[in-house]
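First, one chain by itself: the form predicted on its own, in structure tokens.
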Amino acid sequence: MNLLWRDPYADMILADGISLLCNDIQVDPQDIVMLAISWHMKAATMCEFSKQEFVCGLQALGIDSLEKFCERIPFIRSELKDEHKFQEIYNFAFDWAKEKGQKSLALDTAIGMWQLLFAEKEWPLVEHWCQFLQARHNKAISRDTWFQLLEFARTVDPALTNYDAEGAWPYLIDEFVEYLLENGIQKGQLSDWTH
């Protein structure tokens, strides 16, 4: 482990070290590829890597030098285009981003993660979803809502023409659909979202 990245008081890479790492691999710390890297590292917590997470993650990726790390970034980024891997990374993000000891994800954190993740998937309702949560929900996000939102984004077209009100969506997603209809984002007004 690069001693410049490691925290001087812990055998870990913490936020400052991750910032240095990002600089060395020429990636913005806010870039979604850092989430994918954290998924490869099996990192338990946002903004930190234990020595074991980091070393095992690098080995799994076949990285043994800074040069190879830089060379692997396009491959790691390409994994976000794979539906199965994207779902794994999306699901990973819930536990990775929540505060230690909490069952739910803080709303501000969830919104930031959704904006990052759905920018990659180009879900046209993400901003409406975030506005809805801030206006009507203003509470932490449960695991069920987190997981089901991806399924909703994948299976319900943005115009809501195939939305089934009798489906098994979490209450919050049903409320979101009502919010869209109340605010004039009605069936047929949005173009189809391709997966």
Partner chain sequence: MNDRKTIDLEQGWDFMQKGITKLKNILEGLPEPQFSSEDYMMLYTTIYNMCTQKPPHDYSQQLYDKYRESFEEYITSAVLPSLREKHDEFMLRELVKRWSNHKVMVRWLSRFFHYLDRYFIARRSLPGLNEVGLTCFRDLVYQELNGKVRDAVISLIDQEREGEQIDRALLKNVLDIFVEIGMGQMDHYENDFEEVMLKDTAAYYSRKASNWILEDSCPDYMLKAEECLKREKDRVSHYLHFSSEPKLLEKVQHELLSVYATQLLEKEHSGCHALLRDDKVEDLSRMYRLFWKIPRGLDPVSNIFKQHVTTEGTALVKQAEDAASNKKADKKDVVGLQEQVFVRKVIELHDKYMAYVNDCFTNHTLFHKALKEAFEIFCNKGVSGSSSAELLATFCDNILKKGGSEKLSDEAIEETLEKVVKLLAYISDKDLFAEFYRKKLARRLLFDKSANDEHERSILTKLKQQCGGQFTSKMEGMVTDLTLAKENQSNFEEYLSNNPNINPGIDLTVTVLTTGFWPSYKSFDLNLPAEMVKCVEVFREFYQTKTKHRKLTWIYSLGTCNINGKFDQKTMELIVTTYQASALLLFNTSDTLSYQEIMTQLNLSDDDVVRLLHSLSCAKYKILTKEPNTKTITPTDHFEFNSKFTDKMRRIKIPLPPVDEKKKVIEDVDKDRRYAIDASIVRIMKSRKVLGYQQLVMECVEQLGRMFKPDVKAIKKRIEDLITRDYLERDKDNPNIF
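Remember, predicted model here, so these are calculated numbers, not experimental data. Positions refer to the first chain, counted from 1.
Keep in mind that the form predicted together with the partner chain is not shown, yet the notes after this line are about it.
Engineer: 45-53, 29-37, 136-144, 61-69: which one contacts the partner chain in the predicted bound form at 4.5 Å, heavy atom to heavy atom?
Structural biologist: Heavy atoms within 4.5 Å of the partner chain in the predicted bound form occur in 136-144.
Engineer: Within a 4.5 Å heavy atom cut-off, is His84 in contact with the partner chain in the predicted bound form?
Structural biologist: No - in the predicted bound form, heavy atoms of His84 and the partner chain never come within 4.5 Å of each other.
Engineer: Are any of the heavy atoms in Asp24 no more than 4.5 Å from a heavy atom of the partner chain in the predicted bound form?
Structural biologist: Heavy-atom contact with the partner chain at 4.5 Å: absent for Asp24.
Engineer: So in the predicted bound form, is the partner chain close enough to Trp129 to count as touching (4.5 Å, heavy atoms)?
Structural biologist: Close contact is absent here: in the predicted bound form, Trp129 is far from the partner chain, nothing within 4.5 Å, heavy atoms only.
Engineer: Taking the partner chain as it sits in the predicted bound form, is Glu178 in contact with it (heavy atom to heavy atom, 4.5 Å or less)?
Structural biologist: Looking in the predicted bound form, residue contacts with the partner chain include Glu178, since a heavy atom lies within 4.5 Å.
Engineer: Note that the partner chain is not shown here; using its position in the predicted bound form, name the residues of 137-173 with a heavy atom within 4.5 Å of it, in sequence order.
Structural biologist: Heavy-atom contacts to the partner chain in the predicted bound form: Ser142, Asp144, Thr145, Gln148, Glu151, Ala165, Glu166, Gly167, Ala168, Trp169, Pro170, Tyr171, Leu172.
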